[in-house]
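One chain comes next, on its own, written out as structure tokens in the form predicted alone.
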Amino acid sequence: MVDKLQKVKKILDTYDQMHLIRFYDELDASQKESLLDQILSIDFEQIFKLYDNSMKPEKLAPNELSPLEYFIKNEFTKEEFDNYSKTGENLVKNGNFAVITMAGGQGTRLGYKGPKGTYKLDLKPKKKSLFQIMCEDIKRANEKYGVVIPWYIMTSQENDSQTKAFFEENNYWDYPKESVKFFTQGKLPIITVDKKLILQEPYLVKEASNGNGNVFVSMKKHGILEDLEKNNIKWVSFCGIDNVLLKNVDTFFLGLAIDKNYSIASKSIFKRKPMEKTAVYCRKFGKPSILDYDDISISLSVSRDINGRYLYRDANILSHLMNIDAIKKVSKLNLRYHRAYKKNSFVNEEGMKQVPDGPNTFKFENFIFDAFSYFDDMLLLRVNSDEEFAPIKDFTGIFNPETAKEKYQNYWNTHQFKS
């Protein structure tokens, strides 16, 4: 351990991070070993490069930005809808479709301790967790199309064991266990404004999951991509865990993408308020992309084409499709990282846990939509938010549990759903 400590000291001295072993002499043998191993696993060059690059403003010239074409789901005729749906149904029935649920988050913003997917919505006649709601959605498709759809769940290192235990406790809600596989996403250290990593405990450097865009690399790393190919999966649905109206298996959406020869596809909803703090789909340098709300002016948001259709009002709802070739392509890429300014507790110089008054650290994460810019085109389908978008984000905003519950129950009452 002496050699390992010397190696760690050299690294920390190089990057001015010696404070990470400030309490080393007070730790027991196991804690010392754990801290040294963690520090040796950290790519300090990467984290500081991300920090420096994030300080460079990204401003697009007007000629570098253009709208991304979109379809509106309720504008298709019944005949078109049925034809596209049949194409999607055939693929699902043939066992060529899988679902990936990205569920690496915690329920912190809901004031809930535990994986976000284990949070229970107060439905009648009984509460249902987000995982159960998601499971029931996929099971309905299994029953309808006579298949068992492979279900892959991306957790984080923070919530993986709890998530697996929750599934076991609930007997997977009768989903065939052999068709459910878990894999973890990566993580990165959190860094302060003055470029210091922080300690979560005297023996633990604070890290956080590095975003849902890590799903592709994680799939490759944990053998999920290999499993998809072995099972002859041709298309995959990528979705988040917190939208209780999510349609994991939308055969119309799938068939439309296939028939129009797209390799990637996303759903959107109409952004009703022009200056709402919501990112929208666009093209940057001619490639499909996302425009952050900080870069959206009022003139851009209200702009329309000659037919009166808004050009920059389609908001991302984290519901995507990709074919296997597209997934294989992006699994080899290093997607860009975004910086988020977050409030994080830390161990101070006295060895005490300190909670700051406001944001004090940067977190770096990449997003699944960062992969879209590596393709020339993509399908964008605008859907009805009352039918497909009821996320649970926190208790204080518009995407709260009560609103989600109301939308969920209204939808299924209309569709004569029986719990």
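By rigid core we mean the largest C-alpha set that fits within 1.5 Å across both forms. In this text, residue numbers run from 1 along the sequence as written. Only a predicted model underlies this, so the values are computations on that prediction, with no experimental measurement involved.
We do not show the form predicted in complex with uridine 5'-triphosphate (UTP), though everything after this point is about it.
Peer 1: Is L318 close enough to touch uridine 5'-triphosphate (UTP) in the predicted complex, meaning at least one heavy atom pair within 4.5 Å?
Peer 2: Yes, L318 lies within 4.5 Å of uridine 5'-triphosphate (UTP) in the predicted complex.
Peer 1: Give a yes or no for T108: in the predicted complex, does one of its heavy atoms lie within 4.5 Å of a heavy atom belonging to uridine 5'-triphosphate (UTP)?
Peer 2: The answer is yes: T108 has a heavy atom within 4.5 Å of uridine 5'-triphosphate (UTP).
Peer 1: For S237, is any heavy atom within 4.5 Å of uridine 5'-triphosphate (UTP) in the predicted complex, or not?
Peer 2: So S237 does not count as contacting uridine 5'-triphosphate (UTP).
Peer 1: Is there any non-hydrogen atom of D242 lying within 4.5 Å of uridine 5'-triphosphate (UTP) in the predicted complex?
Peer 2: Result yes; D242 sits at the interface with uridine 5'-triphosphate (UTP) in the predicted complex.
Peer 1: Counting any non-hydrogen atom inside 4.5 Å, which residue from K342, K260, K113, R339 sits next to uridine 5'-triphosphate (UTP) in the predicted complex?
Peer 2: If I apply the 4.5 Å criterion carefully, the residue I get is K342.
Peer 1: Uridine 5'-triphosphate (UTP) isn't shown here, but in the predicted complex which of N248, S209, S331, Q132 has a heavy atom within 4.5 Å of it?
Peer 2: Exactly one residue meets the criterion: S209.
Peer 1: Hey, of 211-219, 277-285, 84-92, 172-180, which bit sits against uridine 5'-triphosphate (UTP) in the predicted complex at 4.5 Å between non-hydrogen atoms?
Peer 2: That would be 211-219.
Peer 1: Within 275-313, which residues have a heavy atom closer than or equal to 4.5 Å from uridine 5'-triphosphate (UTP) in the predicted complex?
Peer 2: Going through 275-313 in order - heavy atoms within 4.5 Å of uridine 5'-triphosphate (UTP) in the predicted complex - there are no hits.
Peer 1: Once the two forms are fit on the core, has G105 moved its CA by at least 2 Å between the shown form and the other one?
Peer 2: G105: C-alpha displaced by 2 Å or more between the shown form and the other one.
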